[in-house]
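Here are two versions of the same chain, shown separately as structure tokens and labelled structure 1 and structure 2.
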Structure 1
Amino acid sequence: MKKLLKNSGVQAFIASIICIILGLLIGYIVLLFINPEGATESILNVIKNFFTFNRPKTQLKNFGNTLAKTMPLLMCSLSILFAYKVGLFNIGTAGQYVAGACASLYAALAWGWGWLPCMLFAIVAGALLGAIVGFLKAYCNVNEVISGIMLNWIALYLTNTLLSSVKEVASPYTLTLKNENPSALLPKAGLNELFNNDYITIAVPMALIIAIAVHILLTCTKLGYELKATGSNKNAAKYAGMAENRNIILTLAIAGGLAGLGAAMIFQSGYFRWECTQSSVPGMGFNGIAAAFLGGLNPIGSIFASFFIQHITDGGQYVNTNFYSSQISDLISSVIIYLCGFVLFIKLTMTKMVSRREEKAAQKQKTQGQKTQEQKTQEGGDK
């Protein structure tokens, strides 16, 4: 049992489960305080999400909606954890996500590009924004959190300005890809029929493959080792002959490219259109922080964490609005997402508990050994 508790993966899993249970419990208590009559039904609907429907086809379609929105969240999660593994906090993921959305939509609607060039352009746009943060960090010693937050807002308003030229006349939303440039939509490869949902595309298997690739890059390659070494100690990496400044820029460029790719996955599926009057950065980038930590900062764990967070978020729309306002679903989701930040704290607490028990057991064994030795010595003296 002690060996299991010392395992990092087991610790991350237990910590995540604790955070999820606490989040749901707090959400349920809030519902009880507001109106106890519909609390149980509403919290169960949040948990069930698409299972609230009776027809299997409707369940499958709504499951597809959740799955489609999970892919960009997964990419943002990978962006966060990739930088974090290298000792950097990429708070600029939200802005890089926005840059990816801008690049893919503008290339599709203004220039008529196909789906692959649009997606690659989104990756480049996100990577460029990340590289700017990396350059400022490496050569000007500007904290990546400060520059990342500033670039979030620059990216948002620049995107609003650029995409205003390809929006509908009577609404603030961009033109529909399906009508204006169907070639920019991601191929479905038959997945839409499997899930009974037109928004399910090759983004689903692509995101899963990328998550596995990130895991391999960080754990099994020389580049991954150098990046993590640079993050652990920049000066030591420099002394060992590593290009520490290049590694910082490369890390944030890769992280930015992942976030930009996430935006392309959802906007090029046709699920969302950009609203050119947005005054706040999309929450997808910030939710990626929660998904990364809930997944134990592991790319594979982030797959399940991203799906769970999106599942709970979508399940919030089935809260009984006869008893509660529509914002209560956002409150429940926010509480759970907030508690995800305590995963590392819980893991650290578990590690300390196991260490203390081992110390006590070792001390007890040492004391018993001393007593046994004393008894043997006494018996030898008596003889």
Structure 2
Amino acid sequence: MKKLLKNSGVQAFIASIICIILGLLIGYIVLLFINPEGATESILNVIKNFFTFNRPKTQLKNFGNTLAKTMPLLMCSLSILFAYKVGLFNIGTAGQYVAGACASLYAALAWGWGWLPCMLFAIVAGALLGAIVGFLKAYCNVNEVISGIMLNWIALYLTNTLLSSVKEVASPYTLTLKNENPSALLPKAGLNELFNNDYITIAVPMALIIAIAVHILLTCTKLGYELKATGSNKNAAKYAGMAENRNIILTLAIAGGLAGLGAAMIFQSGYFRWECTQSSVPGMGFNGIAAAFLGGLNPIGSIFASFFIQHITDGGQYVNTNFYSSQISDLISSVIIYLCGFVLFIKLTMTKMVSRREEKAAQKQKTQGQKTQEQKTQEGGDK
């Protein structure tokens, strides 16, 4: 038990669970404040999400919807995680996701490209945006958080302008891929029948494989080692002969590419359409922060964390809208991000608790040993 508590993976898991429970508790308290009647039912609906339906078939279909949206979220969280491991806070993920959406939709609708070129184009667009942040960081010493936010807004307005040329006449939404260019829809490989849901495509296995690939890249390769070394000390990395500026740009380009790919995964499944009058940056990239930190900054952990965050985000639809609003799930996930700031403290407390117990045990043994020795000497004196 003690050994288990000392393991950093177990510690991270416990810390995440604590964050989740506290986050949900705070959400529940807010609901209680707004209206005590129906709060319990609503928070349970947030947790249940697709289980609120009775028929197994509807459950499966709605599970599929959540799963389809989990994949872009997973990619965004990988994007943030990857940059964070290299010491960079890539808040520009949101904008890189937008750029990916713009590229894939524009290529699909205006130029009639197939699904693979569209997807690659989205990766390039996201990577380009990331590389700009990296360039500014490496050569101009611009704080990546601020330049990332600026690029988020630039990407949003640029996308609104560009995609306006491929939108429906009567609505602010872009044309449907299914009618205009079905070849740009991602292949389904039979997965849609398995889940009774047309939005489940090869994106699901693809995202899972990429999560594992990112894990391997970070832990088992020379490039991953170099990137992490640059993150922990830029000057030391330079001294050791690493191209530190190139590494920073490369990191953010990869992170941007991941986010761009995430956008292609969801927009090319036909689940979302871009709204060309959108006045705020989509929340996918920001929820990715929650998923990355809740997953203990581990790619495998973020698979589960992404699913959980998307699960409660979707669950927000099922609150009692007579009193509450669906944004309650945004509130819960942002509280969880806030609490993730305390993870280090929680871990430290756990380690301290274990070591204090060990110390006590050791002292006990010591005093017992002394006692027996004293007894022995006393015995000796008596004789």
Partner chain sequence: MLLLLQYTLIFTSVLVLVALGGCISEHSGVINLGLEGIMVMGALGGALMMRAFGTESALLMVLAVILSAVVFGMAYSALLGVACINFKADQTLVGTALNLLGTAAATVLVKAINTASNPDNHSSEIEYVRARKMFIVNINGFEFNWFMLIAVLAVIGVAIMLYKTRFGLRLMACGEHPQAADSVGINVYKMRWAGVLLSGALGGLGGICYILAGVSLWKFENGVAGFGFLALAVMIFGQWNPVRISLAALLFGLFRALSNTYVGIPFLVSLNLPSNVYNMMPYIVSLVVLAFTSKTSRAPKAEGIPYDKSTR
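In this text the structure is predicted, and so the values were computed from the model without any measurement. Residue 1 is the first residue of structure 1, and the numbers go on in sequence order from there. So that the term is clear: the rigid core is the largest set of C-alpha atoms that superpose within 1.5 Å between two forms.
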query	finding
Pair member which, unlike the other, is the form predicted together with its partner chain	2
Flag for residue 58, CA shift 2 Å or larger between structures 1 and 2 after aligning core	no
Large Cα move at residue 18 between structures 1 and 2, threshold 2 Å, rigid core	no
Core-aligned C-alpha movement of residue 67 between structures 1 and 2 reaching 2 Å	no
Core-fitted comparison between structures 1 and 2 - CA shift at residue 354, Å	4.0
